[in-house]
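So this first bit is one chain, no partners, the form predicted alone, shown in structure tokens.
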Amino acid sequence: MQRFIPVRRLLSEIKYSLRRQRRFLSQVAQSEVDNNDGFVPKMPSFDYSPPPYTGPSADEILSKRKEYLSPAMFTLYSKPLNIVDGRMQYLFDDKGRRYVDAFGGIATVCCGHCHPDVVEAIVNQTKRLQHSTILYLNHAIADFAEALANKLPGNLKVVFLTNSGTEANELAMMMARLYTGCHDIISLRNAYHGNAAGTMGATAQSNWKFNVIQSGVHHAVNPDPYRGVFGSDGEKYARDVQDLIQFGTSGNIAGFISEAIQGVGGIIELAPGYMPAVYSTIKKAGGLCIADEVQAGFARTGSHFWGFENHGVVPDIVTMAKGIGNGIPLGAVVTTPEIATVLTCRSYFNTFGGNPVCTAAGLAVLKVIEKEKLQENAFVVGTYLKERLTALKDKYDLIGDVRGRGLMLGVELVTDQELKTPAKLETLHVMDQLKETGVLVGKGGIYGNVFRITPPLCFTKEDADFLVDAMDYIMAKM
């Protein structure tokens, strides 16, 4: 295993590193190394070139953002990208340069950028009827609700449509409280469920929480196989939930909310055995189980359509967004007919929830996933990509962990393998250099040292090779 060496000491190591790359590079990259003294990863070919961009420059846009938009808005990279075009798994900047999009708009673009079927559905519905209200009948919302309900197990048949994941989680938490008559909800440390009043309480990362009243949420020890105190022993982590109920509540609770794989938290897949044990405990305390599928849903994990299915559980309420619309603002809460009736005691209404354009897009997404076998592709390509990233971990001490499932993968960088010291600066450096090489990835985790790899589900093995070869190329020079 190659030691992690600071940048200033590495120039003398480059040739040695290139020789060592032979058993880690893809076959195409290996050929490049064999035929050339040096090696630069080559992006897969793609039959599309965007039209020339004639809009304002990146500097002009940045200036307007600073003047007219919230100062809380931030950008990635030392030199922000001006993205003006996209096709499938690729994005294009204002100069026409192509990038492999391995972030997918934060796990949102599942079918691919500007997928023709989704675009056609949006355009056709917009031409016919852009918006009315759910107070009138329209087939778009009913067709989508039926198709969505058919993708869920058990008696999860009633759909409430929203505009975002935050809104979906807010509604789900309120429904759990109304149904049970209890206020207390249990979430996980390191979780992210949104940034509104209720969901901020369920979120458990200080950098996403403001100093406002957040009541009624208890945060259990996170079942993190890499950094957690019990390693991969899910049942030991689950005992903390029982303790929270016994010592922190009246003994009865409203519910438990969790992601199957924590996205913002750094692509952390919950320890095996944790979810079944916790669901059992929650049921005994009279609570409902809420599965947050905002990032892990819609075939992203490959092995299953929903992330919770990987844990062998069936929740009472499922929330979703992001991949549901391939970039269209759309979210949903799906629950049982019995639980759904709690909203009939008062008037519940959502002006844009069920908008015909958004639901037409949602239905098109479900059809594309099925037609193009994107779940199978997420499994095959995701497995291959994870294997290649794991081989890279064996080469560089800088990589502390490779984790996730399907096309929801995380690579955690550390400066010390034993202490697991977060490599914050190195993460920024590699991320910036990946961009310069033509690869866009996300960044997450409480320490900001985890690459979030959540590309469109049409991602290919050639794209995977380019991503890993680029990462290898950059790390070899550090």
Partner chain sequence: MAMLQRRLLKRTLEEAKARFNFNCYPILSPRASFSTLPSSSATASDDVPPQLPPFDYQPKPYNGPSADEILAKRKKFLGPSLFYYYQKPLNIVEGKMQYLYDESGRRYLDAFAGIVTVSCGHCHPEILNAIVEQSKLLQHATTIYLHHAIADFAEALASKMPGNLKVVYFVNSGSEANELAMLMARLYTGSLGMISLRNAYHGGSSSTIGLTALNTWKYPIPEGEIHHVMNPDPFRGVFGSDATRYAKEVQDHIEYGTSGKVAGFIAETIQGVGGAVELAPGYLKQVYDIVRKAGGVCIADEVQTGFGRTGSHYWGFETQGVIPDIVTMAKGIGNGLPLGAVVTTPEIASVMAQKIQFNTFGGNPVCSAGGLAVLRVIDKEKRQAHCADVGSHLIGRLRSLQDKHDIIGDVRGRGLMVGVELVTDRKEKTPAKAETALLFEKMKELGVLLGKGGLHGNVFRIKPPMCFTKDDADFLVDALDYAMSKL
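No experiment lies behind these values; they were computed from the predicted model shown. Positions refer to the first chain, counted from 1.
The form predicted together with its partner chain is left out here; the points below concern that form.
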Worksheet item: Where, among 163-171, 396-404, 308-316, 233-241, do residues come within 4.5 Å of its partner chain in the model of the complex by heavy atom distance?
Response: 163-171
Worksheet item: Wondering, does residue 44 line up within 4.5 Å of its partner chain in the model of the complex on heavy atoms?
Response: no
Worksheet item: Is residue 103 one of the residues lying within 4.5 Å of its partner chain in the model of the complex, judged by heavy atom distances?
Response: yes
Worksheet item: Is the gap between residue 283 and its partner chain in the model of the complex 4.5 Å or less for some heavy atom pair?
Response: no
Discussion item. Is residue 132 part of the interface with its partner chain in the model of the complex - any heavy atom within 4.5 Å?
Written reply: yes
Worksheet item: When you measure heavy atoms, are 202, 277 and 453 every one within 4.5 angstroms of its partner chain in the model of the complex?
Response: no
Fill in: Answer option from 389, 381, 152, 141, heavy atom within 4.5 Å of its partner chain in the model of the complex
141
Worksheet, complete the sentence: Assert contact residue (its partner chain, in the model of the complex, non-hydrogen atom within 4.5 Å, options 117, 85, 376, 370) equals 85
Worksheet, complete the sentence: Taking its partner chain in the model of the complex and a 4.5 Å non-hydrogen atom cutoff, the residues of 254-283 making contact are none
